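In the block that follows, a single chain appears as structure tokens, in the form predicted alone.
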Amino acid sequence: MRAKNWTKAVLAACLLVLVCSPAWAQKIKIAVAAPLTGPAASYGENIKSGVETKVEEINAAGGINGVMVEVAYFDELCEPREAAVVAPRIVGDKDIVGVVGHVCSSAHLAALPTYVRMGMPVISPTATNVTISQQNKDNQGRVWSFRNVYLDDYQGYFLAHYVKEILGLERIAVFYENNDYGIGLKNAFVAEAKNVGLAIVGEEGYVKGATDFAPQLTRLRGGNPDGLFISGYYNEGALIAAQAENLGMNVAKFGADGLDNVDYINLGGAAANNTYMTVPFLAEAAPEQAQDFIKKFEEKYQRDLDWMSANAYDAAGKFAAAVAAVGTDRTAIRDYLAGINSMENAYIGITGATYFSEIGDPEKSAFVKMVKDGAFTAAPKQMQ
């Protein structure tokens, strides 16, 4: 009788362990949703190298609970329509525990309804549009989309103060891409520019993929600006810089993180010089825990570490930490991420300490880099 009771107790204990232990699968897959081909492919390459580096580190250390981590790549071209197509495919793969992406705000917004409806945790390392955090909750009020990058309202505010107080500019021409990123950033900048006393001498828009900007630049030149704000991505931004110089607009150029890609320099040539841009991560100001990673990354990829790779590395790290703690159940992972909600329990990565607000957004500092003598370098004056 005593042996029978002992057996029942053991079975009950085993059942309790099974119930309480994290759910495990034979595979652990992290999806990367990014532009891997097309005009914005350089962004996707940055994200890929960051995630790839993190996953290689995890697997070299034995994986997560002995299970190796795989990365599933989904090419969405930074296009909303393509993002909406890949999102159901990602959700339909039962081995995928979370998504690092999307890169562009418009693509992220297009995929977001699928993730929220189907319960897929997402961390964007790059999407900065404000409205994302207004559309990332399910009908129970649970946030499914997090990000470890600052928002455009802060970025625009910061830029207005930087060009006024540090660069000493007075008259600004605004040239923006007609999408969620370009308009959101432009609106934030213009609103704060007026508060700090900058004169907006003209605003012009352009569409993604355009190559001839002379008509708009000619009108902006008529306002006699001393600064040109390019609110968009590096491809068009480089062409705008080159064509502005051809029109005699030898003014300081500035923008946000969308310009931060080596192809901005490759495409813009000498005209890319004297361009300033905000970034959420700067290797020269990186915390101590980042130094070893920076060295290994630059040796492996033979290029400077960019902020997208750094943020993607940390985004993959957050998913790995979540799986190690709670297993592969997507809802449990979401709950784990939502619990990173204060400095006391922040995720400590190479980009510093990250924790999320109740709407999935972090607090991140902005840094400024510039193009000088055909290369990126930290701007000589930062504003913190």
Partner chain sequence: MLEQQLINGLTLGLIYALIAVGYTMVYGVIQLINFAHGEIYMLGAFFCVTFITAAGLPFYAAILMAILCCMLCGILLDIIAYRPLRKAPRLAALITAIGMSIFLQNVALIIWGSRSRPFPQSALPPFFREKALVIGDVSLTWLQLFIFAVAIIMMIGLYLTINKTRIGTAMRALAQNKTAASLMGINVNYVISFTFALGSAMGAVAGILVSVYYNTLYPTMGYTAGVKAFAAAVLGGIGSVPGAMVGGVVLGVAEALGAGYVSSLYRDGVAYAVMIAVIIFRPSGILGRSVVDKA
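Between two forms, the rigid core is defined as the largest C-alpha subset superposing within 1.5 Å. Predicted model only: the values in this text are computed from it and were never measured. Numbering follows the first chain given and starts at 1.
Heads up, the form predicted in complex with the partner chain isn't pictured, but that's what we're talking about next.
The partner chain is not shown here, but in the predicted bound form it comes within 4.5 Å of a heavy atom of Glu245.
Residue contact check for Thr211: one or more of its heavy atoms lie within 4.5 Å of the partner chain in the predicted bound form. Residue contact with the partner chain in the predicted bound form: Ala325 places no heavy atom within 4.5 Å of it.
Proximity of Ser42 to the partner chain in the predicted bound form: non-hydrogen atoms within 4.5 Å are present.
Residue-level contacts in the predicted bound form: of Asp95, Asp138, Asp226, Asp263, one residue has a heavy atom within 4.5 Å of the partner chain, and it is Asp263. For the residues Pro88, Pro113, Gly119, Gly205, the 4.5 Å heavy atom test against the partner chain in the predicted bound form is passed only by Gly205. Of the stretches 247-255, 126-134, 144-152, 191-199, only 247-255 has residues with a heavy atom within 4.5 Å of the partner chain in the predicted bound form. Taken together, Lys296, Ala321 and Tyr347 are entirely out of contact with the partner chain in the predicted bound form: none brings a heavy atom within 4.5 Å. Residues from 145-178 that approach the partner chain in the predicted bound form with a non-hydrogen atom closer than or equal to 4.5 Å are Tyr176, Asn178, in the order they occur in the chain. The two forms, fitted on the rigid core, differ between the shown form and the other one by 2 Å or more at the CA of Arg303.
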